[in-house]
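The chain below stands alone and is given in structure tokens; this is the form predicted alone.
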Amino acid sequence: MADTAKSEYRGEIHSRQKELMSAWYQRLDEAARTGAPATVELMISGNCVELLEAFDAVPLYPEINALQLAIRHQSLEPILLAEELGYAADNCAYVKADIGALLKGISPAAGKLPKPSLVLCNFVGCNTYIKWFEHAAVFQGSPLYMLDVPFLRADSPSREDVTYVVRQLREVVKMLEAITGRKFDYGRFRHAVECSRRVEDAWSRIKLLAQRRPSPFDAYFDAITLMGPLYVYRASPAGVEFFDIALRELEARAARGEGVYDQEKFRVVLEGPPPYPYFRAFRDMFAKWRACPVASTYSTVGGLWEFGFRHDAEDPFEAVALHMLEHNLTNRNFLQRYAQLRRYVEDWNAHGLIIHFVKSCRLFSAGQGDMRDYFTRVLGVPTLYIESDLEDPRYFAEAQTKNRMDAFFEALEHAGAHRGLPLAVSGPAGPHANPNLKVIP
């Protein structure tokens, strides 16, 4: 029988998480029935939810809805409908699940989802977003604003890029004024940005707790549970309260020397999102070996905060622009992703790296084969590469995945990682090394 993470921790924090997410869906249902409050459909990555708080508008995240459909085993039907309409088999499965559910009137919650007052495509990194939101706006008859965020082409964005994004944010303010009939409340906007700063600080401290051994926090599976409130409530007092509570509970666990498992055996870093239709089965593959994910790139798709960035209420428009441009995973290049992963392996004392290749997501998956080679051959980091999908259940081979996971952890066990031996990372050297690779400061 597979070992399991301690249910007491999951029950305490997850119950509060469920309350918040249920309240969010209730507000969306209210908007569907009454037309108020205003709702804005936007992406998780580098979003500008702080602007919405200034107008008491509710964020509507199609990614969260698609995720919920998958984890509740309801994603295949809308995916098949989207494919019947002409969406290709290799299109993003999030897109197909969202569009199919939209056309069929399927909601992952008990209520209904509203027609968005505004479809706001905060294009960050993935060009699939553009067509996804164009289609969503047409199918729902909602106005569309394309917020163009330049890709991060250097270590930091140029002043021109920041000014360009800020100018667009001010245009969004004018649209929200027209849609909601409310005048922009700059003071409330600053307060929302300050709430984001406090949430980001607590969230980062939670993630840094995973540097301890044993780790009191699963930075992949349990991080995903906390990511819902992080994105929906980041700019609100409710978000601040939730993450303060979560931090206190996890710090107390760390002080008592309690880990995710009674005995932590392996520490791993995860690259890529999980296979949501088989979320429990995938987690059990880690639990069997008492392998704790201590860091993950997927937990940074909405914001990369554990390395220092915080929203600043002194210049809120620029803070939101910087978050969109630089401080989220999806707008960064591959060398920066390599550096992020390497720092996780080193600073979180991981025994290995697991890369989950998602068949329908080019943004995450393109180049992961080279990533595996770099970490395995150049840095000497034990690396496992597995393939499935984050949304489409047809691409998950449970037995094959389990066999590969077992073989990986058996190899780590044979190498002595289970005895707590440190992993030596050799650093960029050899024919595959890239001299431009920089470790995140």
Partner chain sequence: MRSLSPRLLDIPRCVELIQDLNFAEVARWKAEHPGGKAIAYFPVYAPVEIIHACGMLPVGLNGAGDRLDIQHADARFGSFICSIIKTTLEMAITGRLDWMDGMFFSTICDSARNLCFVSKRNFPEKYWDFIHLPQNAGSPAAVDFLEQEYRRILLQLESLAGRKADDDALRGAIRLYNHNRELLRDLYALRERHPERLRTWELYSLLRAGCFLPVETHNAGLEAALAELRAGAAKPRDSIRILIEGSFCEQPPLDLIRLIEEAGCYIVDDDFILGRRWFTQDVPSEGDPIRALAESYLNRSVYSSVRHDPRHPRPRALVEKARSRRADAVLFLIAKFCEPAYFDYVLFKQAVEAAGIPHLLLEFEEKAFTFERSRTEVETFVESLLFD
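Quick caveat: nothing in here was measured; it's all calculated off a predicted structure. Numbering follows the first chain given and starts at 1.
As for the form predicted in complex with the partner chain, it is not shown, yet the points below apply to it.
| message | If the cut-off is 4.5 angstroms on heavy atoms, which of these, D185, D90, D262, E251, is the one near the partner chain in the predicted bound form? | response | Selected option: D90.
| request: Using heavy atoms only and a 4.5 Å cut-off, determine which of L208, A178, L335, A281 is in contact with the partner chain in the predicted bound form. | output: Spelling it out, the residue with a heavy atom inside the cut-off is L335.
| query | Taking the partner as it appears in the predicted bound form, which of 310 to 318, 224 to 232, 241 to 249, 146 to 154 has residues with heavy atoms within 4.5 Å of the partner chain? | reply | Stretch 146 to 154 is the one.
| task | Mark G257 yes when one of its heavy atoms lies within 4.5 Å of a heavy atom of the partner chain in the predicted bound form, and no otherwise. | result | Answer no; every heavy atom of G257 is more than 4.5 Å from the partner chain in the predicted bound form.
| task | Would you check, heavy atoms only and a 4.5 Å threshold, whether D56 touches the partner chain in the predicted bound form? | result | No, no contact at 4.5 Å.
| said: Can you work out whether S360 and the partner chain are in contact in the predicted bound form, taking contact to mean some heavy atom pair no more than 4.5 Å apart? | reply: Although the partner chain is absent here, S360 would touch it in the predicted bound form, with heavy atoms inside 4.5 Å.
| field | W348: touches the partner chain in the predicted bound form, heavy atom cutoff 4.5 angstroms | value | Judged by the heavy-atom cut-off of 4.5 Å, W348 is well away from the partner chain in the predicted bound form.
| Interface residues of 70 to 85 toward the partner chain, as seen in the predicted bound form [heavy atoms, 4.5 Å] | Read in sequence order, the residues that approach the partner chain (within 4.5 Å, in the predicted bound form) are E84, L85.
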